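Just the one chain here, the form predicted alone, laid out as structure tokens.
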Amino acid sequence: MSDSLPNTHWSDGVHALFRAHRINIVSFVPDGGMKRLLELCERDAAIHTVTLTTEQEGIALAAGAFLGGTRAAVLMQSSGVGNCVNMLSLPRVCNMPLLLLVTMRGEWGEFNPWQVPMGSGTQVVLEASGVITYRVQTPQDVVPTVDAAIEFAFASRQRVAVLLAQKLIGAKNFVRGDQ
């Protein structure tokens, strides 16, 4: 894409929402499904990005940000949700907002059978942990859904996750070198 053309990828819209809603901290475990969004946030001086070693650190970071008067978003892959089950009690019990953006694996076009169990259980696990989930399947639904999730999370001190379907982000396709 040329720099002179308008940005139309959903990541550009989500980045603009982070700025508009004063999301100043974005934490993540590196994820190819959000590569463009992560690059935009990393280049933005108004957003402090934090690379995590494990996803539950992001929940603790978001709680600390809230206590310090700052807004945070945690970005992860569906496989990382399983790492967060115990930590999800922190924002629930302490009545803190939490915004999660979750790229889904184990769905449409998945090549890795190890991704399927957690991909199938992500929404159920989040909802059982007190997290409200919104699922997005199409590019045109990303920005309005993330906007609603941000408003809901921070205005109502709710835990909200936007699940970005694998069909939206694209299935990974690794090819063996001997083919």
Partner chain sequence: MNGLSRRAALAEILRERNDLIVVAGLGSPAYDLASIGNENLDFPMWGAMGGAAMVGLGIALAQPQRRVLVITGDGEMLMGIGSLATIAVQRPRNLRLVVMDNQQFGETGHQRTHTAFGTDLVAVARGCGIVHARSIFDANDLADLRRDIHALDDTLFAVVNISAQELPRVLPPRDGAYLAQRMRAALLGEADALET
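Numbering follows the first chain given and starts at 1. Remember, it's a predicted structure, so these values are computed and weren't measured experimentally.
Below, we refer to the form predicted in complex with its partner chain, which is not included among the displayed structures.
> Examine residue 66 and determine whether its closest non-hydrogen atom to its partner chain in the predicted complex is within 4.5 angstroms.
Yes, residue 66 is a contact residue.
> So, in the predicted complex, is residue 36 in contact with its partner chain at a 4.5 angstroms heavy atom limit?
No.
> Could you tell me if residue 118 has a non-hydrogen atom within 4.5 Å of its partner chain in the predicted complex?
So residue 118 does not count as contacting its partner chain.
> Wondering, does residue 41 line up within 4.5 Å of its partner chain in the predicted complex on heavy atoms?
Answer no; every heavy atom of residue 41 is more than 4.5 Å from its partner chain in the predicted complex.
> Counting non-hydrogen atoms within 4.5 angstroms of its partner chain in the predicted complex, say which of 52, 142, 149, 131 makes the cut.
Looking at 52, 142, 149, 131 one by one, just 52 meets the 4.5 Å heavy-atom criterion.
> Considering non-hydrogen atoms and a 4.5 Å limit, which listed residue (160, 169, 25, 163) is close to its partner chain in the predicted complex?
By the 4.5 Å heavy-atom cutoff, the listed residue in contact is 25.
> For its partner chain, considered in the predicted complex: do all three of 10, 101 and 138 come within 4.5 Å of it, counting heavy atoms only?
Heavy-atom distance to its partner chain in the predicted complex: none of the three under 4.5 Å.
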